[in-house]
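The chain below stands alone, shown as structure tokens; this is the form predicted on its own.
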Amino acid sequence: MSQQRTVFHADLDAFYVAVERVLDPSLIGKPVIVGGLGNRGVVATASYEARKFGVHSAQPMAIARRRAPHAVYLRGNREKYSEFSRRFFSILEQFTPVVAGVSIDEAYLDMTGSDRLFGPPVEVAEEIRRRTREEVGITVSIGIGPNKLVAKMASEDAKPDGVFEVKPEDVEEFMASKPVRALPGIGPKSAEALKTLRIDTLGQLAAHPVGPIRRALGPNVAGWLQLRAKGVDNSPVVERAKSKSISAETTFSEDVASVDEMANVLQRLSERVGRRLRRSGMHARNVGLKLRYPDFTTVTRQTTLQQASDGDAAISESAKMLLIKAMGERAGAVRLLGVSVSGLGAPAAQLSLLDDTPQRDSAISDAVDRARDRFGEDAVKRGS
């Protein structure tokens, strides 16, 4: 008989605000909002004091300012947040080698069998909380369950700065009373569709005849959602390895010497790579350029993005920068051009909220994808 799984979901509380308060204790107790401060900026993190005014993450900053005009607004700093995050993950990795980072401030831990080393799950979680508080200076909430889904939902009940465990025999009861919007995977539109079927809780969703749900949400989603509503989730803590890179290249029928023409080709290649990247659900940290000259000498160059992205503009602008640099080192015609992205990982959602430029790039690229899916590849063309 297989061993019962034990999964932790560890989530740092109001992470960016917490870091700012470590660095500036005068912010403690005040409503603090961190995010993009431009006209199109969004809230990355709001302190619990700010949340009382209806401010929440991913909210347009303009709305936040109307709701909490007297709050302290900070742009934030990726470098210092990354340093605190590294210290946090270093602690987690001392309790299990199976740590799957979801973003800069949260992770899943497979703790199956670790009780023989560290003791019961709740005691281990409390030790992680203590060390995070003492060594990093901020608080963490930890949910414990038999799988990732239940652990994630349990961590919501643990907030702020607590531990909440759901034992295997209590999973269905724990899930049944939750509103449907509490289930990861159900957005506002799906919740509204379920409401027309008088489904408000996960217990009602799990028990409802599947036919009407299929008609409301689609045949491929209904059964999956009903299983999740019961707390069923067999996904591993560390997902199977995905492609390490995505690339596209073209060999010219005749050698090309015009840098402008090369740049136009790089734009098209970048869009092909970006589209595949968005379909994978991943973001890339690195962009690469490949050049092959008429004598078959092949040159590759790579740069690291300031922020991982899946946007066409981020990819094409980096590729063109690499092209200019390569042409400065060796000018002349080329017979092959290629673009690649690597360093693939899950989107760091909170970090992207600190700057609205990558968010716009991603949203515009996604809109172009949808237009091309519907009307054909030539329906939308980007300006060079």
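Everything numeric here is computed off the predicted structure, so don't read it as measured data. All residue numbers are counted from 1 along the displayed sequence.
There is another form of this protein, the form predicted together with a small molecule, and it is not shown here; the text below is about that form.
Scanning R301, K159, R131, K178 against the small molecule in the predicted complex with a 4.5 Å heavy atom cut-off leaves one residue, K159. When you look in the predicted complex, the only residue of R66, K30, K325, R51 with a non-hydrogen atom within 4.5 Å of the small molecule is R51. Exactly one of the stretches 54-62, 22-30, 333-341, 313-321 approaches the small molecule in the predicted complex with heavy atoms within 4.5 Å, and it is 54-62. Taking the partner from the other structure, the small molecule in the predicted complex has no heavy atom within 4.5 Å of any heavy atom of E271. The small molecule is not drawn, but in the predicted complex it has no heavy atom within 4.5 Å of A193. Contact between I104 and the small molecule in the predicted complex is found at the 4.5 Å heavy atom cutoff.
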